[in-house]
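In structure tokens, the next block holds one chain alone, the form predicted alone.
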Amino acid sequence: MTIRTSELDAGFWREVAAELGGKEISRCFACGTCTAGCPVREIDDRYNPRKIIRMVLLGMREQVLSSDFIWLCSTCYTCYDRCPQDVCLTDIMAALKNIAMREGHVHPSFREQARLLMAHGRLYEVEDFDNKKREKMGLPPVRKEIPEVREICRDPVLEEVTTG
């Protein structure tokens, strides 16, 4: 991947630092301890906390915010427990996600969750089969739709997220 210096945003790390949870980004000296202990990194090579921090510090704003890898953090806090500088990477990742969301970079999983909430009032669709199983167990049926949740979710931002 070739990056032009004209595409870099030298103030990006300051923007992340100003975001709730992002203030510690300047304390990271990229020792790699966070990457070595990360359980997500073991499963998916795209998630590399050390590389993400470096990209932020270099000003690779668009590459970071539009990527899928910022959404992979499992918030296990292993990186924080092992960091010699007490940098809470999970908070920095949350700050990056917040900036990405504000700029319209919404992960497809969140789009789908918003769509399901708008459609059914819950994150899964209840079928007749589900209610028949509940009835056999002596449980009351579950409503197929919850219009109250749909009404609460009537928000221009949420509707924009669902439509993409």
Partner chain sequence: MRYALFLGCTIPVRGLNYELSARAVAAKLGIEFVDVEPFSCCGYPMKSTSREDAMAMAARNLAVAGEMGLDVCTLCSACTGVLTEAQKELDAHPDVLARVNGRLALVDREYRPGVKVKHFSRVLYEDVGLERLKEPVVRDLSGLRFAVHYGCHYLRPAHIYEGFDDPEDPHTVEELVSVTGAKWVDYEGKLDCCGGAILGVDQGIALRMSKAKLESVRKAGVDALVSICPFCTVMYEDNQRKIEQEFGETYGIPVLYYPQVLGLAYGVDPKELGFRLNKVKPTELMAKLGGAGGAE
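Fair warning: this is a prediction, and the values are worked out from it, not measured in the lab. Residue numbers count along the first chain shown, from 1.
Keep in mind the form predicted together with the partner chain is missing from the figure; the text below concerns it.
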**Item:** Complete contact of Glu7, Arg14 and Ala119 with the partner chain in the predicted complex (any heavy atom, 4.5 Å)
**Value:** no
**Message:** If we define contact as a non-hydrogen atom of the residue within 4.5 angstroms of the partner, is Asp44 a contact of the partner chain in the predicted complex?
**Reply:** yes
**Prompt:** Does Ala94 reach the partner chain in the predicted complex, with heavy atoms at most 4.5 Å apart?
**Reply:** yes
**Asked** Would Asn98 sit within 4.5 Å of the partner chain in the predicted complex, counting heavy atoms only?
**Response** yes
**in the predicted complex, Val126 touching the partner chain (heavy atom, 4.5 Å)** = yes
**Item:** Stretch 65-82 - residues with a heavy atom within 4.5 Å of the partner chain in the predicted complex
**Value:** Trp71, Leu72, Cys73, Ser74, Thr75, Cys76, Tyr77, Thr78, Tyr80, Asp81, Arg82
